[in-house]
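Listed next as structure tokens is one chain, alone, in the form predicted on its own.
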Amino acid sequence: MMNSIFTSTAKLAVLMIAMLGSSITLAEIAVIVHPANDSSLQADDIAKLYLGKSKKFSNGQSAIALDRGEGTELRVKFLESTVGKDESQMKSYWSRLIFTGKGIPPKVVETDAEVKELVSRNPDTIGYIDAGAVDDTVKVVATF
């Protein structure tokens, strides 16, 4: 009897862990801009903005990229999906640009709420957040 209860509890625990893990890995990243921003962005355009190779949206409007803090799952996934680099490669990339005076890395913002707030107030900004945090104050231009 006791062994049966333990087995059922263990199975339930494994199922809950599997469900939690699948929800974490299925989370999408939404790249967001101000709702009035009418530029069209492809994945390559987004990568260029985050690599400092472009400083404007396709409509000619200035672009200010917002990044997330190092070590966050969202940032790791975003970098792999958009620029094809891991965090250490990205840090090295930006160190070279800073040292040579050829670039300034994107501003780091810590939370989805902060990114949404900055993007919703400034039409020149672009950021990325968990897709579940999107609301009508921002416009989604891509998901990963």
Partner chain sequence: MKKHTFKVSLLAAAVGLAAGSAMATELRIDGFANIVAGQMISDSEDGSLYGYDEDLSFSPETNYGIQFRGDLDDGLSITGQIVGRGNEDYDAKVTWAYLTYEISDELSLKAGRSRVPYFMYSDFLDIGYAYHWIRPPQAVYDLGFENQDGITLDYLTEIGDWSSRVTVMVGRSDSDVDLDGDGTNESRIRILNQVGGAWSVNYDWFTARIAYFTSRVDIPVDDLATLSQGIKDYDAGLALAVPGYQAGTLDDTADKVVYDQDMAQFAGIGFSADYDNIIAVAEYTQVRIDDAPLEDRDTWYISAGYRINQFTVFGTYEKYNYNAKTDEVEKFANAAPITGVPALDGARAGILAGLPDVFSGEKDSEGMGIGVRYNFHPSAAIKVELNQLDNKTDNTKPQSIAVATNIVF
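Predicted model, so just to flag it, every value in this text is computed and none were measured. Residue numbers count along the first chain shown, from 1.
If you look for the form predicted in complex with its partner chain, you will not find it shown, but the lines that follow are about it.
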Original post:
All three of D86, K91 and I104 touching its partner chain in the predicted bound form at 4.5 Å, heavy atom to heavy atom?
Top reply: yes
Subject >> Option touching its partner chain, based on a heavy atom within 4.5 Å in the predicted bound form, out of V76, A43, I98, A113 >> reply: I98
**OP:** Answer with one of E80, E28, D38, E70: the residue that has a non-hydrogen atom within 4.5 Å of its partner chain in the predicted bound form.
**Re:** E70
Original post:
Is K48 close enough to its partner chain in the predicted bound form to count, meaning some heavy atom within 4.5 Å?
Top reply: yes
